[in-house]
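The data below hold one chain only, encoded as structure tokens and taken in the form predicted alone.
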């Protein structure tokens, strides 16, 4: 990424504050921004005005882990944020490299008095922030979070963290959250400019249809969902893969293009509110048990017998390519590749299929999802997979094994979802699309396993670790 000067005169201020942006790529309801600017809103700082230098650092550790779809969305979101900042007289400073080194250098260059961030609660983020705090010679201020209720804030009466969602939900709702903070307007904040580098090239993967990027797109998506009665119909429609019953806001929450408090403000629908709480519950679990990003929450399941070797690899390849012969599974896996997203009901079905029909470890599927999901969130992904695999939180018994055919018939009753993503089956009408082997479709594979048989194998292996 070649160096360039950002537009605007490079300058320093007696009281300049760096705003290091990460998972908060917006201007509305941004506590760390208000804290950096000293705008005096409750809980956001000392109220003394300051000049703000907004910066994003491309951390190679995170950039290298992200797949092409997530990279494309990130770069597009940063462009959108830069445009919004320029409209206010500012502009986004971009750096690349080790954050501790880059932030320390920027503090020296700008003469900044403080560095402000929204707190990061992930395992890597916490360690990275500690390294940055040690490397800079000015205060490191954490204000706000990507969550309505930050991880670690609620716990059981005995002080222990929650392992079950329903009591967590009650405590989370009782704790509550502040109202969203206002978006700054022209003249509210004075901005500091500094030398920047170009944004990296991150093209949209060929043939992929990714969501719109940026805060304005997030707010427009939320407005459309509410205007169409989405929250009120969420309980009824959220599991229907063939219908537009979900908000599609997960990617915007992932990048902080919208804050959950914006969604919760004035929200009366309990089901949609609970869905937002699931995201915060999993973040709380990961906060207390950071090793569960890649290790079993219930350690005994690490002793389960899983399949490995060439045949298992071939089955995994069929699963990730959407060529298992089970249409509902294949539609989901192809949707993932085409859009960087998958309907949540289908995520549960394809996860169950990999672990309990193909007898492979959840970690393998979770890594594939994180590679391709635009909304890939470590806590939600790892613990969503562990829930589906039966080794995680809550009352999802391991012996709950989704039947991919009956799930398809129930949540895609006319087969529209399958036909959308599996063109080989478009000639089949209605629910017949879920059992193509009954009529034979030359270009579509036969089922790679017999579900009824593999279900018994899975249950036997579960009984073995129970004993």
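Because the structure is a prediction, the values reported are computed rather than measured. Numbering follows the first chain given and starts at 1.
One more form of this protein, predicted together with a small molecule, exists but is not displayed; see below.
- Not displayed here, the small molecule is kept clear of residue 184 by more than 4.5 Å at the level of heavy atoms in the model of the complex.
- At a distance threshold of 4.5 angstroms between non-hydrogen atoms, residue 344 is in contact with the small molecule in the model of the complex.
- Contact between residue 248 and the small molecule in the model of the complex is found at the 4.5 Å heavy atom cutoff.
- For the chain shown alone, residue 358 is not a contact residue for the small molecule in the model of the complex, no non-hydrogen atom being within 4.5 angstroms.
- Shown without its partner, this chain lists 376, 392, 211, 151 as candidates; in the model of the complex, only 376 has a non-hydrogen atom within 4.5 angstroms of the small molecule.
- Of the residues given (191, 296, 272, 121), 272 alone sits with a heavy atom within 4.5 Å of the small molecule in the model of the complex.
- Annotated contact segment (heavy atom within 4.5 Å of the small molecule in the model of the complex): 279-287, selected among 305-313, 71-79, 85-93, 279-287.
- When contacts are defined as a non-hydrogen atom within 4.5 Å, none of 321, 335 and 338 contacts the small molecule in the model of the complex.
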